[in-house]
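Presented below, as structure tokens, is a lone chain in the form predicted alone.
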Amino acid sequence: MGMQMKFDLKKLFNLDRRIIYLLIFLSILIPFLVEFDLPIKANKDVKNIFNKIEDVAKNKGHQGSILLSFDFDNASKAELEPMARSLLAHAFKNNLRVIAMGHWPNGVELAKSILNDLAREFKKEYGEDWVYLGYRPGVSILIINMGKDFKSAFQTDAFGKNTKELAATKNIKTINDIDYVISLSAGSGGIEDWVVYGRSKYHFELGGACTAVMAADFYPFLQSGQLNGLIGGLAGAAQYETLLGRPAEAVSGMRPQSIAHIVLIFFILFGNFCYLIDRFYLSKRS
């Protein structure tokens, strides 16, 4: 009986890897075809960003403003676009003014597309409810100039309109006149630059949103209080969508990712179980 058990386990050890690949493929494909709810609970760092926007809306109303810095491009679109859409929806839903910009020239058209989509959905007027300042070179110098004289940093918006004449920006003298700044970051020219050249010098409220692989790098900024919150990766985006009551791309994307992880964990545990059983029978035989 023991030898038969060992023989069967040996066959499991030599399981055709194509079967594993097939199960992984199905674990990714099926959640795209079948919708189901996952228990998504927002962590403290994501809640802090959500609550800060709620506080600005409560205390300032339509005169409240947030700055979104689109510091990413199409390579990180899958993770950061859902965050951008949720943050914009949250701001527009609460009638906050949105001032958008970006440190990545390759992300300009992507930012325009996202901003236009959400502005149309919430029927927001350009110049009055939102402004897109576009890209300016010189990340560190630009942020420092925004802290000294916002109008000198951005004399015109991305479409050539004078920022002194736009309702959303005419009363902004320095970046401290903006209630909350959030950097959507995929690398250099993102969160770290906002912390070093902006938050550390001018002490404005700063939140971050980044790819999952970068999130751990910014935990020291959270612990020091230089970031008040952080949305990390697709999981963070899904948490924010859940808080907002607006499940969209991130929640949908978490389904295949979660099921695939469960399948992988199962095979890891199963492989270790087979190994231990095999060792047990080897020791019995000796």
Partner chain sequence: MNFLKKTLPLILAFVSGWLAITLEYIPHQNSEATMASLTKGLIIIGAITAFMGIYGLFSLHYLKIKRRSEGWGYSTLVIAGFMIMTAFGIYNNGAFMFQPQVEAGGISWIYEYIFNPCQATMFSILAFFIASAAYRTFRAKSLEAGILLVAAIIVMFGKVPIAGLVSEHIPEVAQWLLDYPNMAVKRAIFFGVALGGISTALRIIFGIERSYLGGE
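Residue numbers count along the first chain shown, from 1. What we label the rigid core is the largest C-alpha set whose atoms superpose within 1.5 Å from one form to the other. As the structure is a prediction and not an experimental result, all values here were calculated from the model.
Below, we turn to the form predicted in complex with the partner chain, even though it does not appear here.
The partner is not drawn, yet in the predicted complex one stretch among 89 to 97, 176 to 184, 122 to 130, 159 to 167 has residues with heavy atoms inside 4.5 Å of the partner chain: 159 to 167. In the predicted complex, no heavy atom of Leu243 sits within 4.5 Å of the partner chain.
Shown alone here, Glu249 lies farther than 4.5 Å from the partner chain in the predicted complex, counting heavy atoms only. Residue contact with the partner chain in the predicted complex: Lys58 places no heavy atom within 4.5 Å of it. For Ser188, no non-hydrogen atom is located within 4.5 Å of the partner chain in the predicted complex, even though that partner is not displayed. Residues Pro137, Ile141, Leu142, Ile144, Asn145, Lys148, Ser152 are the members of 118 to 153 with a non-hydrogen atom no more than 4.5 angstroms from the partner chain in the predicted complex. After superposition on the rigid core, the Cα atom of His261 is displaced by 2 Å or more between the shown form and the other one. Once you line up the core between the shown form and the other one, the Cα of Ala248 stays within less than 2 Å of where it was.
Ser27 is among the residues whose C-alpha shifts by 2 Å or more between the shown form and the other one once the rigid core is aligned.
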